[in-house]
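A lone chain, given as structure tokens: the form predicted alone.
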Amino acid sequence: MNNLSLVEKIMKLKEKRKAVILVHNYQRPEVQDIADYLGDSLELSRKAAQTDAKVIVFCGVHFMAETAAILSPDKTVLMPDINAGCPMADMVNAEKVKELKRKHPEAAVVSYVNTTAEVKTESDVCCTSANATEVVKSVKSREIIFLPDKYLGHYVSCRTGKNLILVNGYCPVHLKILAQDIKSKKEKYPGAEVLVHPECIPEVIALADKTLSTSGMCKYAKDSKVKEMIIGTEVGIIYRLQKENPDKKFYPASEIAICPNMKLNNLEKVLWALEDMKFEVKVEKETRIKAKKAIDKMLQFSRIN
């Protein structure tokens, strides 16, 4: 079946199921093209919660679908591929957080939204890559446990001057982007600005013109007068940037910065999810209520992407 036939079937079923399709910026181009909403994880979950859709098809990874289920308990949340997980989210669990809290009883826990629902239940407040600095600045505790991404934590620590208690978590995709990649691309495209994600290693961030979340990159690319940009994040976002800014050029900092989990979703799987109403992601009520408190506290901040 060709893509056109698949898209037609998806659109008909989507209407029948009263569904909304959420697509993360790192998804395949053909999946991005069928999105009702395209963005990063929290932004998407919030938009879905505001719609009257009965079904959410989340084209992303597992923690994102969980967040959508937490914010939309009255909706059915489906993942096209239930195996699409996040290695970084899996690097910390609720038991590890409890252990850290026992060691540091006075510490507040700030957890990246890229965590499981169980980890969020043990957290005081969540953050995104866009508002992590703001969130940490707002925390009054002298000690702050920040997890799971030690590189985002290092970036926030440098920006806030706060000494954060970190765990050994990281994004394997952003770890593939090296300082030498940035230097090589700068030599090749001397007029280009360098935009990198704060999940990158400090040596890469030190070479960047801007350190931004994926939504921040999309906004900056649209607003900036610069015509060429080197993009230091998962390569899937290049498609969106190029599509939204046809008069500009975007170059991946590293062609191997590919998330295999994000690429598990495709049009066939979206269609099957709607046909069979699978795979549903549920969060137990008690977990959902506890986790939502940490998310709600974060949503008080103006920049939520």
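Keep in mind it's a predicted model, so treat the numbers as computed, not measured. Start at 1 and count along the sequence shown; that's the residue number.
Keep in mind that the form predicted in complex with 1,3-dihydroxyacetonephosphate is not shown, yet the notes after this line are about it.
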message = Please tell me whether the candidate spot formed by 41, 199 and 213 is one where all three residues come within 4.5 Å of 1,3-dihydroxyacetonephosphate in the predicted bound form (heavy atoms).
response = yes
query = Pick from 48, 241, 64, 271: which residue has any heavy atom within 4.5 angstroms of 1,3-dihydroxyacetonephosphate in the predicted bound form?
reply = 64
query = Which of 292-300, 6-14, 277-285, 21-29 has heavy atoms within 4.5 Å of 1,3-dihydroxyacetonephosphate in the predicted bound form?
reply = 21-29
query = Do residue 114 and 1,3-dihydroxyacetonephosphate share at least one heavy atom pair within 4.5 Å in the predicted bound form?
reply = yes
message = Within 4.5 Å, heavy atoms only: does residue 129 come near 1,3-dihydroxyacetonephosphate in the predicted bound form?
response = yes
inquiry  = Suppose contact means any heavy atom within 4.5 Å; which members of 172-196 contact 1,3-dihydroxyacetonephosphate in the predicted bound form?
reply    = 174
